[in-house]
Every structure is written in structure tokens, then in C-alpha cells.
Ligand SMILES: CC(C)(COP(=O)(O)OP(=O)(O)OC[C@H]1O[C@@H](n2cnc3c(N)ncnc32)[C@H](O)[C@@H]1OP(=O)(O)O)[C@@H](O)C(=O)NCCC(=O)NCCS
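In C-alpha cells, one chain follows: the form predicted on its own.
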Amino acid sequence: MLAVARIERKQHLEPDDVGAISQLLAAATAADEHQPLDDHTWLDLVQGGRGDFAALVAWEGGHPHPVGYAQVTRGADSWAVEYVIDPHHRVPGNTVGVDLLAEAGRLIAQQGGGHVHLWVGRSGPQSDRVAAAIGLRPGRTLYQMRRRLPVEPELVLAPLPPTRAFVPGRDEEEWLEVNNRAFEWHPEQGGWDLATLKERESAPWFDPEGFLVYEDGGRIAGFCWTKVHAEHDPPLGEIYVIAVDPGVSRRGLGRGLTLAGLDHLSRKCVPVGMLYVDAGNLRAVKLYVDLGFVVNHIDQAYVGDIAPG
């Protein structure tokens, strides 16, 4: 077995740390065609960490770069954990993932324990074994679905709903009300505040022209927020967040907003559209299948409880 030489715990990441870990994440993204950290986690990383944040950096002897990285964030009622392993160190017998999660488990136990939520992109038997190392079991399943662009005209059953671009500095409060009503049930997308939204607006990929807003009676009633992954080859256009205000009853608006988002991405010459959807959201999955999306891969959440220690 090839164990890591050491794991460093950090509450704050210096610029050199961010640079080294960014290179690790870029290598993993290229190998997996999948970003290993979500937006919340990435923002914690580049901002240097917060009081409820811990970075775990894994090193092996003879390698001047990190071979693995894990991030632990304490939320209001649970712990979020994510990890990534250098693609060149994903070999039989290497314990980087198990060692990182074991250290994350010790850290959580020392901080009083609690419920743990771990997301793994492109999950499989190996990720099941790594998660089990700290007593986590499979939870939510997320599909990443893709389709070629543009959309075939026969799939557009009605005129696209009229939309406008999101206006930073004006639309935030109203958008947050709609988003939080629509995603009251959702553990990641629900409960956003102004700081969360402003962080997205400050991201390099943010483009208000791709943040499509639908109004009813002069108020935001739905939206389709798109995102272009320019680093992907070829570029991927994502339906990043889409919702209709639960108080608005207009059949087909969700389908229409999805098509409006895909049309915007196609007009930007993006050849492939993608989105994420909970496997258990059968209504949404059916809609996306009807629009020509197919499952590209599966992301898996692992959950469990760690006792104080």
C-alpha cells in the first residue's frame, strides 16, 4: 500500500498554496472532464478560507506538488467535504483518498462531530470504498445530462418566453425571493443570501447576458441562468440554475425557459449543452429527456454521522 507521506491542515491558503492546488484541480478537470470542486468550495479556496473552513493538502515523498486535496466546510447543520486526487496517483494500492477522508473525519470529530455530506463526481466502486472509510453511505444521486446544440426545431412546441438579461445592482433581492421560494427544499440552491449571489457575480464566468429573466406583471416570475465552461474542449454551455416561481401557474414555462437558455448558448456558438438534475426528480428528468438530453455521467452524494472524539 502506498500511503501519503503527510497531510497538512490549513485554515488559510497562501497564494503559493492556491497556485499549487489550482494546478492539481486543472489536471483533475482535464482528466475527468468534470470540475472536482463546486462553486461554493472553489470560492472558499480562492478567498483563502473562512472560520468554518479547513484545507487538507496531501504530499508524497519525491513529489514537489500536492498529490491530493480535501476541503471541509462547516454549515449551519452539517459538514460538507470534497476531495480530489492527482490523476497520476490514482493507481492500485495508493491510499491518498482514504487518507484524506480519514483526516477529514478526525478533524470533524475533534470539532464536535456531526452530519457529513460528501459529493463525488463520476462516482463508482472506488468512491464507494473511499467514502466507507469514514462510515459514509450513498445518498442523493445527481445526473449530468448533455445534448448537442442547436435544438431541433421540432422540439420547440411554442414561441420561447420573452426574457431579458439580469441587471446586477437592481435584480438581486427580487431574484433571491424567487430562487429561495422555488428551491426551499434544496440543500444547496435554497436559502441563498445576497453575499452568495454577489460571489457568483464576481466569478470570471459570470455573464449577465446569459442570466435570462422572465417577468410577469413587472415582477420576476422565472429565470434560466446559463454558464459557459470555456476551459472545456469543446466548450460546454450549462443550464446552471433554472426555476419558475411556485406562485406562477403557466404550463410549459419551465420547458420554454430551458429552450430559451439553450438557444442563448447556441447563439454563442457553444456546441454542447449540459445540466445537472437529481435522479429522483422524475418530472424534471422526463422533461430533459424529451428535450434530447442523455445522461453523460453520475455524481454521488455520500452521507453519514461522525461522533465527537
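Position 1 is the first residue in the sequence shown; the rest follow in order. Under this definition, the rigid core comprises the largest set of C-alpha atoms superposing within 1.5 Å between the forms. Here the structure is a predicted model, which means the values were calculated and not measured.
There is another form of the same protein, the form predicted together with the named molecule; it is not shown, and what comes next is about it.
In plain terms, the part of the chain that comes close to the named molecule in the model of the complex, with a heavy atom within 4.5 Å, is 237 to 245 out of 261 to 269, 61 to 69, 237 to 245, 30 to 38. Under a 4.5 angstroms non-hydrogen atom cutoff, the named molecule in the model of the complex lacks residue 279 among its neighbouring residues. The named molecule in the model of the complex comes within 4.5 Å of no heavy atom belonging to residue 14.
For the chain shown alone, residue 295 is not a contact residue for the named molecule in the model of the complex, no non-hydrogen atom being within 4.5 angstroms. Taking the partner from the other structure, the named molecule in the model of the complex has a heavy atom within 4.5 Å of a heavy atom of residue 182. Of the residues in 272 to 296, those that come within 4.5 Å of the named molecule in the model of the complex through at least one heavy atom are, in sequence order, 276, 277, 281, 283, 284, 286, 287, 288, 290. Positional change of residue 247 between the shown form and the other one reaches 2 Å or more at the C-alpha, relative to the superposed core.
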